[in-house]
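So this first bit is one chain, no partners, the form predicted on its own, shown in structure tokens.
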């Protein structure tokens, strides 16, 4: 079946008693067993069935199974946020004395997790330019547990060569973990590029209307120990499983994900093109533009679409604040890939607690506005931007 058909028609693990077409929300904690032996078998993984909703829930399992069918992954695990998914997968591969090779071009909290939080537990952060393969080679060694990167960085819009990075990290027996939040798995085949594990914030495209938090770890099964640790250790010990209500809303979102995403990506492409000639905008940055530094590499790796995030630079931080304050249709809000268009000044918000020197090293400029483009008519978005610039 085609991916869109799979998203709509994957059967439940167990048939619903009433034949409900939408997966029911199992808002319960525990499950009754027929006898003591079955109870023991379920808890010890000899029989696959839910035992306790902190680690298994039928509504969440349904979402996981659908994503597994769409991606061809060996395992999919749903968490209660994108950061929970990232922290759990990194804790599954890392350990005292190990190192994580990554970049300063990361979402602020992800960078803080790798460079600050995990370092307190003996995990070294080796930050380098992931687009410079010679530099990467000098950072990866026998103590490296993974290379971690965003497939399109937020908000720098950098793209690295995944196949080349996979070859480097696999030579040392480590794994390539990629945050694929910016371009959804319905559009890509990251496994074919050497990615071992995808991680993403399902709060974004899957949620669609900004209704629910969530994160997914999509494991392609090349390192069985990863899933074992994730399922039998991290999930049990950290307690960050996705709630049933979130899984219900994101399953509904998954059914229309491909259609919504393609419209959002088309809107972003059209808007980015139009903004290049708008007075008052110093710079427009979008991977879908043919003159973008990473345009050709992104097309080879991810296909014809380039996501629904672009940035514009104005003359100063004050100009950015004035612009945000004048917006009438576009919302001043964080989050990405809502059905509505959102605008934020990353340097003073998402990266606001980093020093000026740290922001400079991360290429987070005080003159940048990040736009997450939604489903509105492009002409209305363009009109709002123009009036806000005047």
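Positions refer to the first chain, counted from 1. Owing to the predicted nature of the structure, the values given are computational and were not obtained by experimental measurement.
In what follows, reference is made to the form predicted together with ligand PLP, a form of this protein that is not presented.
Problem - Heavy atom distance at most 4.5 Å to ligand PLP in the predicted bound form, all of 187, 265 and 288 - result: Zero of three within 4.5 Å in the predicted bound form.
Practice task
Have a look at 112-120, 229-237, 74-82, 314-322 and name the one stretch with heavy atoms inside 4.5 Å of ligand PLP in the predicted bound form.
Solution key: Heavy atoms within 4.5 Å of ligand PLP in the predicted bound form occur in 74-82.
Exercise for the section: Examine residue 213 and determine whether its closest non-hydrogen atom to ligand PLP in the predicted bound form is within 4.5 angstroms. Expected result: Because a heavy atom of residue 213 falls inside 4.5 Å of ligand PLP in the predicted bound form, the answer is yes.
Exercise for the section: Using a 4.5 Å heavy atom cut-off, state whether residue 105 contacts ligand PLP in the predicted bound form. Expected result: The answer is no: residue 105 has no heavy atom within 4.5 Å of ligand PLP.
Practice task
Consider residue 364 of the chain shown here, and say whether it contacts ligand PLP in the predicted bound form, taking contact as heavy atoms within 4.5 Å.
Solution key: Judged by the heavy-atom cut-off of 4.5 Å, residue 364 is well away from ligand PLP in the predicted bound form.
Practice task
Please check if residue 196 has a heavy atom lying within 4.5 Å of any heavy atom of ligand PLP in the predicted bound form.
Solution key: Residue-level check for residue 196: no, no contact with ligand PLP.
Exercise for the section: Please pick, from 88, 269, 201, 207, the one residue with any non-hydrogen atom lying within 4.5 angstroms of ligand PLP in the predicted bound form. Expected result: Filtering the options by heavy-atom distance leaves 201.
Problem - Residue (of 301, 154, 246, 92) lying close to ligand PLP in the predicted bound form, criterion heavy atoms within 4.5 Å - result: Contact residue from the list: 154.
Practice task
Would you give me the residues of 322-342 that have any heavy atom within 4.5 Å of ligand PLP in the predicted bound form, in order from first to last?
Solution key: Result: 336 alone.
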